[in-house]
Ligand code: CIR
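Shown here is one chain on its own, the form predicted alone, set out as structure tokens.
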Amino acid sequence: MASSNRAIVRGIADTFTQAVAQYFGDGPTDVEAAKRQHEGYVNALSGFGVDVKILPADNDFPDCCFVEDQVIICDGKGLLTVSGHDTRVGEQEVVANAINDDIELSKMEPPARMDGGDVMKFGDTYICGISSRTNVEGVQVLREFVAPLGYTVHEIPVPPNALHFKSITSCPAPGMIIAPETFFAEDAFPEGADLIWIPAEEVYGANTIAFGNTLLVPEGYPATHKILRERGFELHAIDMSQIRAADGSLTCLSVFY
């Protein structure tokens, strides 16, 4: 769910075809199409009333558009992560500078590693995936960061055929989680979660951003869209094909703060 009405995004690098990718595709092939899709994403956020701050791309960092991975936001405070992939560590400074006037920032230190794409707020709990990008030391730092603010952390293993926890899940409404069949055991989630299971072959459709009763969703996942409409949601679908090819999802492209 969108947690505030302001967000930062970062432009698509001209080197985007060199983005790290191995899960949803073999990498993007059309930078101009990716830029158009990113523009459509920004326009969608703005259309939902979000005040969007656009940061310039950096061609030295092909993955720089995926700003979510660089910081965890909790009640006006931010935890700067240590990127789980070495090629992305240098992306963080621009993101931190964009929000440090508004957010009190602290910094994770090695050996902790974490991508923000593994962290999802769920009521008074932060669900955190243990993945190829997020380690147990990172989860412990997150736990120490959110505990004074009244939150707990629920760990969950990310299956090896997925990049991040939020690549394959989202929280479309309070108490509700969308997840693909076969990727998780039902008891892996916090007790009492209202689980919406979607077909495994439409796993990419599990990542959404909620604006009230309307969900921003990726185009092209008819079974998932039918399930969500039957649950009473209205859908706003956008083309994410080139973003997907770089293993990116809707939530990856923004930090709400």
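Don't overthink the numbering: it's just position in the shown sequence, from 1. Bear in mind that the values here come from a model prediction, so they are computed numbers and not experimental data.
Absent from the display: the form predicted together with the ligand. The rest refers to it.
* Asked: Is every one of Asp63, Arg88 and Gly117 in contact with the ligand in the predicted bound form, taking contact as a heavy atom within 4.5 Å?
  -> The answer is yes; Asp63, Arg88 and Gly117 each reach the ligand.
* Contact between Leu163 and the ligand in the predicted bound form at 4.5 Å, heavy atoms? -> Leu163: contacts the ligand in the predicted bound form.
* Partner contact for Ser167 in the predicted bound form: the ligand, 4.5 angstroms, heavy atom -> Looking in the predicted bound form, residue contacts with the ligand include Ser167, since a heavy atom lies within 4.5 Å.
* Asked: How about Ala246: is it within 4.5 Å of the ligand in the predicted bound form, going by heavy atoms?
  -> Heavy-atom contact with the ligand at 4.5 Å: present for Ala246.
* To do: Considering only heavy atoms, tell me if Val20 and the ligand come within 4.5 Å of each other in the predicted bound form.
  => Yes.
* **Stretch in contact in the predicted bound form with the ligand, which is absent here, among 219-227, 64-72, 184-192, 33-41 (heavy atoms within 4.5 Å)** => It is 64-72 that comes within 4.5 Å of the partner.
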